[in-house]
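Starting off, we have a lone chain in the form predicted on its own, written out as structure tokens.
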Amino acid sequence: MHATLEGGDAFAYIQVELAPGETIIAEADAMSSMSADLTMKARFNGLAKSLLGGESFFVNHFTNHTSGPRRLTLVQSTPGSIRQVQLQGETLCMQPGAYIASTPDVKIGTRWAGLVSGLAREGFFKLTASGTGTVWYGAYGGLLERTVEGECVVDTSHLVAYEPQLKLKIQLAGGLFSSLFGGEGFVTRIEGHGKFVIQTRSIDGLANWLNPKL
């Protein structure tokens, strides 16, 4: 399988070339175009991932049963960047709705993220990707990878993915007056040693900007 990320940060998409016999699993409605002789089968995604993890009830399995390479284009529902991560037995935590696609050996599941994550608008449950293979995820806006060695503060609804050993806590951005009238409100404090990914824009921020103008 050969996959490239194209379209730039604003409108990224995944261009996949499947060799004979290869399969890729993608979120429902992620397919933008594909070779006419690729086989697509919808399979139930599980209640936990659908109701708690922000994913659709079904995922699509695209398989190349032909004798030559075939192409497939996958997209996400919002304009923004996409990341491709190669897992070698590790686990990656993602916010609900971030998952786009994965290779068959990657297991996608859900875990309780805690009250802190829910109050921080990151979701009470988190998606997990584990195993050996490739996973693609994305979000609205650009994606920035950061390393924390101790503590770091992230605005709520901006955390997209993080390593499982990191701990999240919620707090006011500053004092009570500054938090309420400075526009920041609550923030997420990330503690531990590891990497995390944030999005440069948020759907909540877009909605708050649009509402007064409608």
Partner chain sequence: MDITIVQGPGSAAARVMLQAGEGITTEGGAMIAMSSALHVETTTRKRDSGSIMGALKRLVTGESIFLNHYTAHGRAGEVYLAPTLPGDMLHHEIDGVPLLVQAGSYVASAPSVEMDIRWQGFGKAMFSGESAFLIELSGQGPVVLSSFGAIYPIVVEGEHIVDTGHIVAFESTLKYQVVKAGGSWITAIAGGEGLVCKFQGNGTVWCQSHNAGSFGQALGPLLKPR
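Every value quoted in this text rests on a predicted model; they were computed, and no experiment measured them. Numbering follows the first chain given and starts at 1.
The next section is about a form of this same protein that is not shown, the form predicted together with the partner chain.
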| query | finding |
| --- | --- |
| Contact flag, residue 75 vs the partner chain in the predicted complex, heavy atom cut 4.5 Å | yes |
| Touches the partner chain in the predicted complex: residue 165 (any heavy atom, 4.5 Å) | no |
| 4.5 Å heavy atom contact, residue 17 to the partner chain in the predicted complex | no |
| The partner chain contact in the predicted complex: residue 107, any heavy atom under 4.5 Å | no |
| Output flag, 12, 58 and 204 jointly within 4.5 Å of the partner chain in the predicted complex, heavy atom basis | yes |
| Residues from 10 to 35 in contact with the partner chain (non-hydrogen atom within 4.5 Å) in the predicted complex | 10, 11, 12, 13, 15, 28, 29, 30, 31, 32, 33, 34, 35 |
